[in-house]
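Shown next as structure tokens: one chain only, the form predicted alone.
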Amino acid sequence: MKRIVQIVFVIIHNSYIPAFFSGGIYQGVLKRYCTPILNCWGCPLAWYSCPMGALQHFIGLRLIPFYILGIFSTVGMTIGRMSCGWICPFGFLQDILYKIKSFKLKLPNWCSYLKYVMLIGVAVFVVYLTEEPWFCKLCPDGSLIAGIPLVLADRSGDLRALVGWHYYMKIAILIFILLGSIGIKRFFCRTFCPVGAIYSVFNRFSLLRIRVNKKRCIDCGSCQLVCPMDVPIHRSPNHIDCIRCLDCKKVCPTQAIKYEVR
């Protein structure tokens, strides 16, 4: 079921078919609205704006981003980080990459806090100082679905003439993230995604919560084994990295894990 939902939302987010024939980027009325997850505005197939790009836009203008904060708080208070697990195309890509047979690695716990450095340091503080959307300039999702397609589809040669060190740096970051995602569960989501950092704050307070029945739990670790974020749900049911994917509930041999609305 989760895979079907993820595929459906890939299509919902990025299916502006006319881009294949006319080129360019969709800039119609839907681009006034933000999707709740990371999805580059500059993608030729994208229907909606990226909340992180919009957040940086307002910060760069020295304006309080009420609209974007409203989206993040509404989604976060309702379902926590669940949107990362079910509707994010870049998260879905990482799930697929991890299925490739390779050496698998575990991240140290402190790596989970790097995303807050990316959010506060890069997407807020540096943007405020420079008035430039620096996370967008580094974003691997933007490189994959916007930067590369736009350069490849450039008929005039104007974009290709602008390709330089910054473009190649973005491609290097993308390759690093993609390769890391083959051996590490949701590498980008756990370490660098500022959208995930925002939603993670709400995990302990959202209406949708996870509850573990300690009397039934046998501490077998099955939940962590299947978790796409490598979260020990049986010990920390509302962990900052939990994306509410429901995989843990399905595999629990004693049905100790329950999702509830409070």
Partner chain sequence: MKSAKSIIISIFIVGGGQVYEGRLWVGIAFAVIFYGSIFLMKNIWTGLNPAFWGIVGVWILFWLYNIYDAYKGATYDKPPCEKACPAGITPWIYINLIATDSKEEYPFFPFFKILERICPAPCEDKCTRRGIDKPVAIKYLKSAVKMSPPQCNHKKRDKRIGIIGAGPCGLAAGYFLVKKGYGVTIYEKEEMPGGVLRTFIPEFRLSSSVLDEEIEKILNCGIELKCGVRVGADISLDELLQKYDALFVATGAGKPIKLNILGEENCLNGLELLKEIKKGKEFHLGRVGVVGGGNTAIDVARSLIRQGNKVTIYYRRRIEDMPCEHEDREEAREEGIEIVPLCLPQRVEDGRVTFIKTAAPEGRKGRIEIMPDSEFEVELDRLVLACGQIPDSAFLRKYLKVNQNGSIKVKNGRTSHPKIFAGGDAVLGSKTLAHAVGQAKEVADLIDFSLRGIAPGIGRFFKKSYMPRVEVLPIKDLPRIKIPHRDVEERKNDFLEVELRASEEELRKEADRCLACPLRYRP
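Fair warning: this is a prediction, and the values are worked out from it, not measured in the lab. Residue numbers count along the first chain shown, from 1.
There is another form of this protein, the form predicted in complex with its partner chain, and it is not shown here; the text below is about that form.
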| item | value |
| --- | --- |
| Any non-hydrogen atom of residue 129 within 4.5 angstroms of its partner chain in the predicted complex | no |
| Heavy atom of residue 251 within 4.5 Å of its partner chain in the predicted complex | yes |
| Heavy atom of residue 207 within 4.5 Å of its partner chain in the predicted complex | no |
| Residue 228 within 4.5 Å of its partner chain in the predicted complex, heavy atoms | yes |
| 69, 201, 220, 212 - the one with a heavy atom within 4.5 Å of its partner chain in the predicted complex | 220 |
| Stretch from 79 to 87, 187 to 195, 118 to 126, 144 to 152 whose residues place a heavy atom within 4.5 Å of its partner chain in the predicted complex | 144 to 152 |
| Contacts with its partner chain in the predicted complex, stretch 159 to 181 (heavy atom within 4.5 Å) | 160, 163, 164, 165, 167, 168, 169, 171, 172, 175, 176, 178, 179 |
